[in-house]
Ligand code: ARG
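Read the single chain below, which is given as structure tokens and is the form predicted on its own.
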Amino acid sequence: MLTKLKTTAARILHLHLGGELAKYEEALEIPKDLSLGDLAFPCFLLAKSQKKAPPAIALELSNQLNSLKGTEIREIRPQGGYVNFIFTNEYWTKTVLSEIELKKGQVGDATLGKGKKVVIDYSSPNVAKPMSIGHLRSTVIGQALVNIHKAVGFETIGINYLGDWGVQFGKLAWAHLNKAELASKAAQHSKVIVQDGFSSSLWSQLIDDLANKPEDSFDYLYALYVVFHAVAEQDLDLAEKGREYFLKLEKRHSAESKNDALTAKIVSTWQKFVEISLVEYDRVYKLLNVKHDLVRGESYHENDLDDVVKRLKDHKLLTLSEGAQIVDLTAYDMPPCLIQKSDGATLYATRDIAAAEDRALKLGADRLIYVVGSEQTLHFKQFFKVLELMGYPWAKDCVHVPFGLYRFKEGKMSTRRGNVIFLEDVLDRAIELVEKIIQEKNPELKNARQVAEQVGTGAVVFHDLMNDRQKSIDFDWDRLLDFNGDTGPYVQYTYARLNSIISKWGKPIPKVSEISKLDEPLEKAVLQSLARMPQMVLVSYEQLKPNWIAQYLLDLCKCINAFYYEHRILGEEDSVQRSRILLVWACQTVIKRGLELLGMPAPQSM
């Protein structure tokens, strides 16, 4: 929409000044104060060649361009060092509403990524551990980026790269298969463990869950994990037993492990833990409207790891250091990248190299995106550098999308210490709060539970996405569940209100060709806001930051609500009604599309 306006203004500049049309289109910008104009051309760009001050150029250029302005532009006037273009309301109405009418549910979509494929790695929880509020950021930012990349034309593959491999699964397998011994050691060390920071009530609950919860429940897995690590801090032999079990898991396909009963039990335990976890995760993903195209654990690449090590050796990149194999990155001001431990066990970097090769070479991705917290920045720098040293030209197209963490008054969360805020608990509390509000304000609402889920989870998602992903967020229950002000429910409620107006209208939405121009200043403000949608999608894609769309939706909602409070939509003369209904429909369409890109539903009523 703005592109068409820019092209119109740029042609006039080009007609008078010559040069390249694209340069004028690129230079035109939206004034900070929209009362000054719709688009502004900075005359600073001409100061050197014309040897004049920008204000003098702006005055002279405005006078010259007004004779060329045509029917689309009402006025061209100077403002400081800028030439401001003011379009007619008719042109604004036709340009903005025609594109929304044409694209409907794909407003803001583009073709930048046409013919290209992107793989986006997001959420990726560790198996056998419930998702905490800390997993929310990767999950919702990642899903929004998947949606945005689709909107700009990419073929997208969203991957949930589960943490289902590593020594922790040897530890969990030992804990499960030796639960009686673990319980005995827990009783032996309970006093010290409680003194060391666990509350007695939490520790008692964990011990009770370990003994009495079904072994196919997440409560049991969580208790197993926390109790093992708490006891292991007092009994150092447990960590070694965990490493031994994981080595058996890693070597399960070897000849000596083929008929080993213990190895078979370890493998079965590990597989069961993965299955239990996937069921739990899927329930949370359904609430969050998150859909992965592929679910692959780190274990998916286990048969490729020896080849990774061999390729690194062939490239003469490996160095032996204290028995371990590393890639020395000193020349790049980075610590060494650890590839293989002295006992032969692999590490994150080894598995990430194998996964990247699979995504680029087998899945055919042109771009690999990893939505992972900022605390892993060094790991990705090392990992990408190793890919580059291996000679992969696509290494330059590997992108880490870091994000800040949730901060807590009580300090950092730790699953091992049992102080975790579970993501599902946050979503449940949000949904319960919305249900109470519905009972108070609209007890007759149909599908109340469904709406409560849409609005409750939407509040949590929007609260996260409206923030710049690179900034950390202070976790505050009150702020998270506050539905007043700049929130997801405010945007969803605006959509539902517009839907109600259209339902009362009860007729087909008028076509742009059937309406008159929108002359009121607040109508023009809404059109100006609508015109920014494609730009916001583009900026969100370029910067990999969904908060641009979230903040835009708030601005658009404020704009249409301001118009709604000042002007009647229904009950006016027919030509006015028809024009305003089309404007309402356009806002509803854009809001819905924006919510879809953020991964949020748009309730028809609230």
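Since the structure is predicted, the reported quantities are computational estimates derived from the model, not experimental observations. In this text, residue numbers run from 1 along the sequence as written.
A second form of this protein, the form predicted together with ligand ARG, is not displayed here; the remarks below concern that form.
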Of Y161, F85, F228, Y495, the only residue with a heavy atom within 4.5 Å of ligand ARG in the predicted complex is Y161
So ligand ARG isn't shown here. In the predicted complex, which residue out of T95, N126, N89, T156 has a non-hydrogen atom within 4.5 Å of it? N126
If we take heavy atoms and a 4.5 Å cut-off, which stretch out of 266-274, 369-377, 108-116, 194-202 is in contact with ligand ARG in the predicted complex? 369-377
For Y348, is any heavy atom within 4.5 Å of ligand ARG in the predicted complex, or not? yes
Using the partner position in the predicted complex, report whether H135 sits within 4.5 Å of ligand ARG, counting heavy atoms only. yes
Any non-hydrogen atom of D464 within 4.5 angstroms of ligand ARG in the predicted complex: no
